[in-house]
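This document starts with one chain, in the form predicted alone, laid out as structure tokens.
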Amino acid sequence: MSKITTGDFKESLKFSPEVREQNIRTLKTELFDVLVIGGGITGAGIVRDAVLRGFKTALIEKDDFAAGTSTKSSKLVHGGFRYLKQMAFGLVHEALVERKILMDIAPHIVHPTKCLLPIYENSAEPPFLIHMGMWMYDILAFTKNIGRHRMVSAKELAILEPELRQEGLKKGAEYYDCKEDDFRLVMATIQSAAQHGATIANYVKAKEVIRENGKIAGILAENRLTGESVPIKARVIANATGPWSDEIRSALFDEHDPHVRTTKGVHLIVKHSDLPITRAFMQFAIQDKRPIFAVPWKTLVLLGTTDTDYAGGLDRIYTERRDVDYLLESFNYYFPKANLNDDKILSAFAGLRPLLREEGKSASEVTREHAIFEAPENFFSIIGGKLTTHRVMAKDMVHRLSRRLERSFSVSAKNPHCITDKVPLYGGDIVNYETFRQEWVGRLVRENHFDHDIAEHFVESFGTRIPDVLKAVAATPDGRERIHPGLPHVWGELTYAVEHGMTLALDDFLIRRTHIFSLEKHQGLDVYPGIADWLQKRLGWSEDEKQKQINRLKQKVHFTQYFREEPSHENPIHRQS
């Protein structure tokens, strides 16, 4: 990869409700080369790649950006060590290279972290085989490796990670991958695309196909905030809706041939004080030997994930009792001192994976490769893949779109080559992240008189856009005050989220812009009244609309806490699909 360039734009991006309204007017009147449906990480990557190549590009999302699969990840950017067992060397190499690229273009969001794979007497693979796999993991990264592995004795592990089960422990493999904030990665990608000229709007849903002379010529969409029709003319369309891919093809074309195998993944969140680990752990579930992860994340620990076939409603995904029992049983085995139980679960979340449909395989055996198909003409769908490799998925899709645009419409890319590995994401134009972090944390503490945790949060969330955040803080009454006493988010972030992040709903802010929903035990229910009042005034909500927003938030809390209403399974034996 060539040296990372600095950002082309230094001025702040206005990405407000008013900008969205203007974008919708533009959607109605312009002819686009590329229309992307879906505002998760894959759609965000596609719209960014396409606009950087010079295509006139638009994106619509039926909900909020990253409201689906993209923010239900294990918060890791990783090569996929477990895929070596499936001999998927190409996928692992690709993911390891992408891991380093994401560190380069978004250093404030993607950070290296130490990981640990403990090896026990009853482990499926012996230590020498794990050691060989770790060497392969390092080698497949080529020049993009971020740290060499090492084998650690059981004696040293007892010192490094005293919470870990010692009985039967033989060794451990310490290696490196990356932690990330999945929403911030999606948002920075979306903002980068918008800064380079893409027309983007959330809460706009594709409803019907526009045809001219029997061929697809665009999409008739609906502005979900007003109910108005939004006809969008486009030469080619990219369906990047993940688990909703089959559903949207059915709605638009009455096509019922399924391409997606949808599986559910559940994560639990506990306090770091209840599970004081210092590394991200990869372990194998005691019920069925599936890989599971314990990942330190902010002030918490993320435990996941399950992998079960799913046939329910795509917009109503519950955290179920059996999923929680499955995870608690395994993690209590590996961390017996923690005595994890329902009372120690702070929050939880469930998401869906859009896997390729492969017959005769369990969910965990299905490839994480992606596939692109065109059906009907000028309508392209992308399925599969993983968050780490989203940039490659987008590159492959834009290559396909480019060929169709040139063949059918004589429209050529102004820049025929993908440059998304060279242009930093919004807020990511940082030459040396550690120097940047130290300088800005020090400045925010000394000159701006913020607490250290707030300064760290600003750096990791906003990167070089911190000056915009400070302006928003200054423009907000009590903007410096914490929203929640135990968390680093301040009221000024609400202004920033609306003016620069197209925040339009109460849960947009509490679930994604701040993660308050996941970071505290009441999931925002103890702080939402003031936020709802502020948004009502800024967005012009009626009392009825404000109550709808509150009810929507409470419903999402119900989805995540549903397991508490179900009876616990005694001696759970819950094997994944």
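Since we're looking at a predicted model, the values are computed, not measured. Don't overthink the numbering: it's just position in the shown sequence, from 1.
From this point on, the text means the form predicted together with a small molecule, which you will not see here.
Stretch-level contact check against the small molecule in the predicted complex with heavy atoms at 4.5 Å: of 406-414, 163-171, 138-146, 347-355, the positive one is 347-355. Val204 is the sole member of Ile232, Ala198, Met502, Val204 with a non-hydrogen atom lying within 4.5 angstroms of the small molecule in the predicted complex. Shown without its partner, this chain lists Val392, Leu275, Leu76, Met282 as candidates; in the predicted complex, only Leu76 has a non-hydrogen atom within 4.5 angstroms of the small molecule. Although the partner is absent from this view, Asp33 stays clear of the small molecule in the predicted complex, with no non-hydrogen atom inside 4.5 angstroms. The small molecule in the predicted complex is approached by Gly68, whose closest heavy atom lies within 4.5 angstroms of it. Looking at Asp63, you'd find a heavy atom of it within 4.5 angstroms of the small molecule in the predicted complex. Contact check for His267: a heavy atom falls within 4.5 Å of the small molecule in the predicted complex.
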